[in-house]
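Below, in structure tokens: the form predicted on its own, a single chain.
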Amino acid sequence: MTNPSTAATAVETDEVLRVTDLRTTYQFRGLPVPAVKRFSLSVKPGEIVGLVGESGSGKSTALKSILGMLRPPAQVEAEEIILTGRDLRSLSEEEMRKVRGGEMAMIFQDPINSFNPSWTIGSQFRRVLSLHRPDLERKEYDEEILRLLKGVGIDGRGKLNSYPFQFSQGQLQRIMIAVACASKELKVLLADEPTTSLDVTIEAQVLELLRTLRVERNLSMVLVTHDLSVVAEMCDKVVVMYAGQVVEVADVFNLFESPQHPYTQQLLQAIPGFPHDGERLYAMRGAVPGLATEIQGCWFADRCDSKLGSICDTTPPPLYPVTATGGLAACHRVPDPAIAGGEGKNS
């Protein structure tokens, strides 16, 4: 069997971010609850990696863990978290503060709660510049803020003394992107469902803005989204998560044309077709298991339409390499259906 932590992160010479075997545990009523159990990620310069899965799959927790945003009693462990050649686990908190917002930044799905309502936009922006733009003098801050805002399509003249509530959600999302991209050293942008709270017109504008930033700055991104159409439009590679674990990794074309994991297949099956054929839309049965649930085998077995048999209930599948596509999938069907020992389909 292939070791999942090494398989998911085959060494690539041009990686800007590599995460291997990340595990994050929360505390609930004094008991440890694993939110992320097995997570590995590889991102190249200028690459957009989509991170998909149902709510509760651990996507946002994984991003916050990478960026060092979680505090005790939450516990984060990893074999490695490498950003441009440095292991972030070895950095002090002071050094990590420079990394956050400097070389790696995050934008959130709720722009309203991402800003302090008591501070003006200008004052919050100036604080970021004071931390991550040592090349600027204080008298140059406002001019730089106006330049950054212009880059995201906002005329900031006369608005720096305005408070967050005086802007629309779409404007705040653009401002948050400008703040996240303020550092000249930014290499990786983590985007946690950045268009969820926006209408479709503003969503299209924000996605176009992210594409432009990628091209202009060779910026790498990890994009969390529930919208598979956004994945198809934006991403180069896709990581599928289920119940805190990576279950499939593939380039975006192969993911849609030849999904390997039953969970991915069933997610794609649930996408409405057009024109509608009049048939009932497919709905995946069941729900994601609770974080504290103890499962010996595959975590998706109870919901799987392609279940092999008892092997799925007793043996957790590693991330097997998919020879045909070069991807990875955590399913016993991937290497050879005969691995089931002749147990036949049991759906």
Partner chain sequence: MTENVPTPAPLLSVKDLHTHFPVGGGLLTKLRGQQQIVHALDGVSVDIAPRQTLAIIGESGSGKSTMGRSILRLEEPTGGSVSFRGRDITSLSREELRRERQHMQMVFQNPYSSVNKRNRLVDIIAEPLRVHGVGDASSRRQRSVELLELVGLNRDFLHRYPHEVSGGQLQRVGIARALATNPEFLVADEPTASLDVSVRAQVMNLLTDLKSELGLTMMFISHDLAVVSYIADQIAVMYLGRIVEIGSKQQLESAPQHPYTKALFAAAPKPDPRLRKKESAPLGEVPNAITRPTGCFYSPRCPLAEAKCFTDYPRLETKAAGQQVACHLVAPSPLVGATQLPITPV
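Note that this is a predicted model, so its numbers are computed, not measured. Residue numbers count along the first chain shown, from 1.
Separately, the form predicted in complex with the partner chain exists; it is not shown, and the next lines address it.
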| property | result |
| --- | --- |
| Residue (of L136, A74, L91, A204) lying close to the partner chain in the model of the complex, criterion heavy atoms within 4.5 Å | A204 |
| Proximity to the partner chain in the model of the complex, single hit among E216, E185, D155, E143 (heavy atom within 4.5 Å) | D155 |
| 4.5 angstroms heavy atom contact with the partner chain in the model of the complex for G170 | yes |
| Heavy atom of Q265 within 4.5 Å of the partner chain in the model of the complex | no |
| 4.5 Å heavy atom contact, Q109 and the partner chain in the model of the complex | yes |
| Non-hydrogen atom contact I295 with the partner chain in the model of the complex at 4.5 angstroms | no |
| Residues in 53-82 with any heavy atom within 4.5 Å of the partner chain in the model of the complex | G53, E54, S55, G56 |
